[in-house]
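This document opens with one chain alone, in structure tokens, the form predicted on its own.
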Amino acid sequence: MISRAERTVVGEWWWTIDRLLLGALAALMIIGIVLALAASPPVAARIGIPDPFHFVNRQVMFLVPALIILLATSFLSPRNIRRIALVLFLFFLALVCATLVIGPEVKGARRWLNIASVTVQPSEFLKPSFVIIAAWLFSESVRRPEMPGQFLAIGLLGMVVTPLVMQPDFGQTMLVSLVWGSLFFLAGLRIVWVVGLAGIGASGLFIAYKTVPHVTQRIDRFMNPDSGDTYQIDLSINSFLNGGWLGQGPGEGSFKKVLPDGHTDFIFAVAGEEFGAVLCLMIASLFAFIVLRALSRALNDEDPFVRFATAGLAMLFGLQSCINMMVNLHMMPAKGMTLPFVSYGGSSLLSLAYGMGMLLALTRRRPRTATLAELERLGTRLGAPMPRPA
């Protein structure tokens, strides 16, 4: 046990970190390994991989560096988080643009890069860095109204959304736009901006529906299942129905054997069939706890950057989990988005570790620092006003 009197870096980290938040994230990782054991062997057999635990072994292999990234990032100060996020944002934005030129085309989209025999999706790593930079700009617009932080943030959104639409990846586009809009709202969004941005979003969705065939097909299949192939969604719904409240038991699921993406996008359906609605509710409760816990810490922080960044990362995490679970339950059109820390996927796991590591760093208890205005008020009371810096 680490003593409170211990003044080492690790000791200070342990007593300032949000241990409940850390424990909830660890619980999701453990659930992810258990569900990988249940969901991935049928997928390996179906695609001809001899080792039934191929995807489980790879998930564990990626989990080790993910834990290192999460813990190392949680030691960072807010200033260092901004610096690292800026460097990584520029790096992964360049990689996202590179996918448009050298990325392999898969199902009509260029979203991945093959680097040293490893497939990487750069947009996964771009998202948390984007949230930090957007929070930084919005916080500066609050601190210094004369700075055009909001207009810079609009330009930042355009820089990210443009290559995502060109890939195309409308799921990630929608996700980053929703988080950006939420941060804009927290920064004091005027009603005219609300109307304008809502109109732009609705227009963009309508244009995508009219001009992009796979978007049209997904929305049409969601609104009218008889209009196209709903094979995977039907299997997902049947998995939940077959599982009931308590499930069929570990390894006893039948629909997972033919569910194409049972180890990735539809792992929540496998959880429902084998472990029942009880485990699904537990998973949803863990996601809700992490988001609400982070938002409550953001609400009590006086630093605008920390407040916006914490809220943005929490919303990014929460929205992605909600989208995945809603797709599995046929409550929205399919998006091809993983369930954080539960679905199989190296890029997703490492990028989530980076984002949640920053969330843990930002929610650490820090000594309260007096603002310049507070010091001026104190100096005035004492009869010695503090001079403003030149």
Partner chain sequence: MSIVSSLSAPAIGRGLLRLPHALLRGLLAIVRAAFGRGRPEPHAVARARIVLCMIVFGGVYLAIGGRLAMLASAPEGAVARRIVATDAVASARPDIVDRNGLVLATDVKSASLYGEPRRLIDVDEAVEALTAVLPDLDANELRQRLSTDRGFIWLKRDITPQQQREIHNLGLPGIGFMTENRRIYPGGTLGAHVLGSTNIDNQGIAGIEKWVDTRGLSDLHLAGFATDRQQEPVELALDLRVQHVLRDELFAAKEKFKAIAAAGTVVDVRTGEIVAMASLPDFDANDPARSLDPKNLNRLTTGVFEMGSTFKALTFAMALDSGRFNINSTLDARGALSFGRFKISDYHAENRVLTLPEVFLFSSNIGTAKMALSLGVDAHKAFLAKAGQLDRLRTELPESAMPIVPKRWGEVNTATIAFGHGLAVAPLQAVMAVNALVNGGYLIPPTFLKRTREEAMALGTPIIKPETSAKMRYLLRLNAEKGSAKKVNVPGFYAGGKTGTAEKVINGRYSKTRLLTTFTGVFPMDNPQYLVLVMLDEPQPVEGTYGFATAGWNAAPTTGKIISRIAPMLGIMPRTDVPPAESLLANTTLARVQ
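On a predicted model such as this, the values are computed, not experimentally measured, just so you know. Positions refer to the first chain, counted from 1.
A second form of this protein, the form predicted together with the partner chain, is not displayed here; the remarks below concern that form.
*Asks:* Check Ala277, Met315 and Ser321: does every one of them have a heavy atom within 4.5 Å of the partner chain in the model of the complex?
*Replies:* The answer is yes; Ala277, Met315 and Ser321 each reach the partner chain.
*Asks:* Tell me, out of Ala198, Ile115, Leu241, Ala72, which residue has a non-hydrogen atom within 4.5 angstroms of the partner chain in the model of the complex.
*Replies:* It is Leu241 that has a heavy atom within 4.5 Å of the partner.
*Asks:* Let me know the one among Pro168, Gly204, Pro260, Pro148 whose heavy atoms come within 4.5 Å of the partner chain in the model of the complex, would you?
*Replies:* Of the candidates Pro168, Gly204, Pro260, Pro148, Pro260 is the one lying within 4.5 Å of the partner chain in the model of the complex.
*Asks:* According to a 4.5 angstroms non-hydrogen atom cut-off, is Leu292 in contact with the partner chain in the model of the complex?
*Replies:* Close contact exists here: in the model of the complex, Leu292 approaches the partner chain to within 4.5 Å, heavy atoms only.
*Asks:* Quick check on Arg79: any heavy atom within 4.5 Å of the partner chain in the model of the complex?
*Replies:* No, Arg79 is distant from the partner.
*Asks:* So in the model of the complex, does Ile219 come within 4.5 Å of the partner chain, heavy atom to heavy atom?
*Replies:* Looking in the model of the complex, residue contacts with the partner chain do not include Ile219, since no heavy atom lies within 4.5 Å.
*Asks:* In the model of the complex, does Phe255 have a heavy atom within 4.5 Å of the partner chain?
*Replies:* Yes, contact at 4.5 Å.
*Asks:* Using a 4.5 Å heavy atom cut-off, which stretch among 241-249, 153-161, 81-89, 124-132 contacts the partner chain in the model of the complex?
*Replies:* Result for this chain: 241-249.
*Asks:* Let me know which residues along 307-332 have a heavy atom within 4.5 Å of the partner chain in the model of the complex, or say none if there are none.
*Replies:* Arg307, Phe308, Met315, Gly318, Leu319, Ser321, Cys322, Met325, Met326, Leu329, His330, Met331 sit within 4.5 Å of the partner.
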